[in-house]
Ligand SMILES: Cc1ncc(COP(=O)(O)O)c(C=O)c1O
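We begin with a single chain expressed as structure tokens, specifically the form predicted on its own.
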Amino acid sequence: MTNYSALAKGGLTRIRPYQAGKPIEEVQRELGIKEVIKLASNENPFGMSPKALEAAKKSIEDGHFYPDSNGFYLKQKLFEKWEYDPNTITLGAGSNELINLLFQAFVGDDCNVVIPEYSFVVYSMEATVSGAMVKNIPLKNWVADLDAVYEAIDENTRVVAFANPSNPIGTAIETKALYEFLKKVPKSTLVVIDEAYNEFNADKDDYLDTASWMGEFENLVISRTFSKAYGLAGLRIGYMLTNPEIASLLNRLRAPFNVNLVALAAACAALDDEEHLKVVVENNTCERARYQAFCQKHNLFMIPSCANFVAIDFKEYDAQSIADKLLHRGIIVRPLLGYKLQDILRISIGTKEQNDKLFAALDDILTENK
């Protein structure tokens, strides 16, 4: 039999498939549990806005047509709302696809990629498949160490990638510090700021909108998604902001109809429903504080989060065992074993009712483990 692994790109055999959160249906099927709460994939517990849902349903009527390949109306909506130049926008099936396109376009075996430790695994996966060397930079107090990242940049560094706030741990780099960092980075090095959780961080007093820097830094790349705060994870849609030349290159590389018409319609409507977004963000801020209080009550360490999830260090308790016990109670969470953080569970912040059930279950489990 032909060895197809030998024919594939060398880096492909060195990565593991992405491990997604366990679906609700799988738990129901395997454990026979009817009511299951999924707090594992940082999804929006309120779902998409009513306006987005209505637009999505209506768009189905045109499902026999191809979507607008250029996404004119969504780009126009982004321009009207935030004055983002349509010529700087690339649309994709979630920010994940856009990061894939960027690495395809610019990263090869003649360069390296600098990534803070415990970053979104897709960055290192894309770099490895491209044949690039990956430089993982240790964190400082669970936050990307910008000084150390800068020191790691050399003449062969093609990309520096940050998730801000970070996934899977939730910490955020101060935007002012990012601005000062960008001023120093060589223009030949692309600085990717992946802002999938941006809306949950934007209420901070020291927050600056990185998109406003596009005209100043030609090597700045900003990735955003409608999957999280806007609740469109299942529709797969996001956008990337770059200088017009990079956008032109990415738009040559992407598939002609990479974003479907339902996603385009829902995203346009979601941007109009500011009240729904406000409810989502306010609930997250309030409930995130409750997680902090719960951890203080049980003497657990919660990594400071600016996202819609928390990462909790269960210390002497066995995190994997706790995750298994929660699963048998119909609550799905995410152990961070793949990141070699064996004691830490990542838990998405749900509604008040969902979090009440989680806290009650954890109270019981932690008491049993004493």
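Small disclaimer: the values here were computed from a predicted structure and weren't measured. Don't overthink the numbering: it's just position in the shown sequence, from 1.
Another form exists, predicted together with this ligand; not displayed. Remarks below refer to it.
Asker: Where does this ligand sit in the predicted complex: which of 110-118, 194-202, 72-80, 136-144, heavy atoms within 4.5 Å?
Answerer: One stretch meets the cut-off, namely 194-202.
Asker: Any of the heavy atoms of N100 lying within 4.5 Å of this ligand in the predicted complex?
Answerer: N100: no, not in contact with this ligand in the predicted complex.
Asker: With the partner left out here, check for me: in the predicted complex, does some heavy atom of T225 sit within 4.5 Å of this ligand?
Answerer: Yes.
Asker: Please tell me whether any heavy atom belonging to A163 falls inside 4.5 Å of a heavy atom of this ligand, as the geometry stands in the predicted complex.
Answerer: Heavy-atom contact with this ligand at 4.5 Å: present for A163.
Asker: Looking at the partner-bound form in the predicted complex, is G231 within 4.5 Å of this ligand by any heavy atom?
Answerer: Close contact is absent here: in the predicted complex, G231 is far from this ligand, nothing within 4.5 Å, heavy atoms only.
Asker: Sort through S124, N251, N96, Q292 and report the residue having a heavy atom within 4.5 Å of this ligand in the predicted complex.
Answerer: Answer to the contact question: N96.
Asker: Tell me, out of S130, N167, T210, N258, which residue has a non-hydrogen atom within 4.5 angstroms of this ligand in the predicted complex.
Answerer: Exactly one listed residue reaches within 4.5 Å, namely N167.
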